[in-house]
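One chain comes next, on its own, written as structure tokens: the form predicted alone.
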Amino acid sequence: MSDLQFPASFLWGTATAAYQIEGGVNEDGRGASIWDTFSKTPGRVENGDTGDVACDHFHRWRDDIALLKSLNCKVYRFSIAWARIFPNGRGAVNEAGLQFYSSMVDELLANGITPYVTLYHWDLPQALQDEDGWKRRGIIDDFVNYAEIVVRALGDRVKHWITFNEPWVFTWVGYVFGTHAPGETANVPTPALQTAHHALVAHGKTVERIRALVPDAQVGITLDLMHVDPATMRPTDLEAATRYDGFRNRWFLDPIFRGHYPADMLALWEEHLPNIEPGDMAIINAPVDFLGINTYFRVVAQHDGTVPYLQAGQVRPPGEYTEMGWEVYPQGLYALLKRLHSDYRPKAIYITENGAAFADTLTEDGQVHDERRVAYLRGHFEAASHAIRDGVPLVGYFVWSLLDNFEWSFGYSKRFGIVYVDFATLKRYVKDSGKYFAEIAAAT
């Protein structure tokens, strides 16, 4: 711990998402989401797994909050299931859904844990997907209305709001690559660019709505960002790395912080651009109080035809990799944080997700000795500490994840938690990484 120096005000916590942990999919009036539909479609999720039960957090949330306290979490990031609030996406409010989250907020605060609420973590109500989901312009107003109802109910106690989690993923992976809900595919980027634009406009409108409702709120967005290196110093690979950075990072960072999409990507995708209405870019450019970043690995990019409308792909350098096939490269976190600070100057940055999946084994005496995850976290904590010393306004770190959970299309086959979940019994066991995290959090 000698290399780790964090300010006394630094915030340590963990993160989860509603569909990944809650279960209770048919309880208290919750409607169906696109992930209910997707996971029940044969062949979509490993082993046919679904989130019907997940970690049963819906019934065990008090115990899980006690677990958060035992891990010395100062903050906890969780998401609201839109379909718990509006079973049909809009219309009549399901008061039982609001009460569920209201009770959670009260319990967190009673335990000295500050809630950070994500309004959208991929689980769109199926009723709205039946109307074309994020491809329909009207989804913007649907989202803002949903957000307003939640903020009115919780905003007297919740002061930290995240509009969207990883818009790149739910637009590109959901509407072009097809491996996430709603599982649509396309051989052009048009659907991803249009859905992402609608999400960004919804973000900007929601930022302003939250501020009007809760003047002392802190509002931001979480983007999945990554440091990009070229595979070689050849001009073709350098250019490919720039395009890949535009694809994964700048397409979202530039409109939020600069009010326009990146010029090079507009030129590259000239034939596939979204419909942008007058005033949209100014709305997207609404000032945010913080930027949340989810980051797990770097990309090493080369010029090839892997993504035909990008003419870029990834190479796999030698090194250590997690169960997800992601490179362990803490230097990438430092480089990313420095770049965000120098290029975009966010007022504050949170690492809203960072962690690793490894093949964990539960011993007979209830221990999980996950040395590789401990090493992964230590390396990334050190990178974060160095970035702060070098002037980056990093104010908090949420480890992904509190619990082993439903890992989207991988089902229950990948474990990210610092707490082990026996999915047969749903019993929780704090891993060595959880004990390490608790020590770090207590020392700050």
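Everything numeric here is computed off the predicted structure, so don't read it as measured data. Don't overthink the numbering: it's just position in the shown sequence, from 1.
The discussion below concerns the form predicted together with a small molecule, not included here.
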Review point. Residues in which of 44 to 52, 401 to 409, 58 to 66, 376 to 384 have heavy atoms within 4.5 Å of the small molecule in the predicted bound form?
Key: 401 to 409
Check your understanding: Can any non-hydrogen atom of Gln20 be found within 4.5 angstroms of the small molecule in the predicted bound form?
Key -> yes
Exercise for review: Answer with yes or no whether Asp237 is in contact with the small molecule in the predicted bound form, where contact means some heavy atom within 4.5 Å.
Suggested key: no
Review point. Contact between Glu353 and the small molecule in the predicted bound form at 4.5 Å, heavy atoms?
Key: yes
Check your understanding: Does at least one non-hydrogen atom of Glu166 fall within 4.5 angstroms of the small molecule in the predicted bound form?
Key -> yes
Point to revise | Partner-contacting position among Trp251, Tyr146, Trp122, Trp161 - heavy atom within 4.5 Å of the small molecule in the predicted bound form | key: Trp122
Study note, to complete from the structure: As a check of understanding, the residue in Leu273, Met324, Leu362, Ala348 with any heavy atom within 4.5 Å of the small molecule in the predicted bound form should be identified as Met324
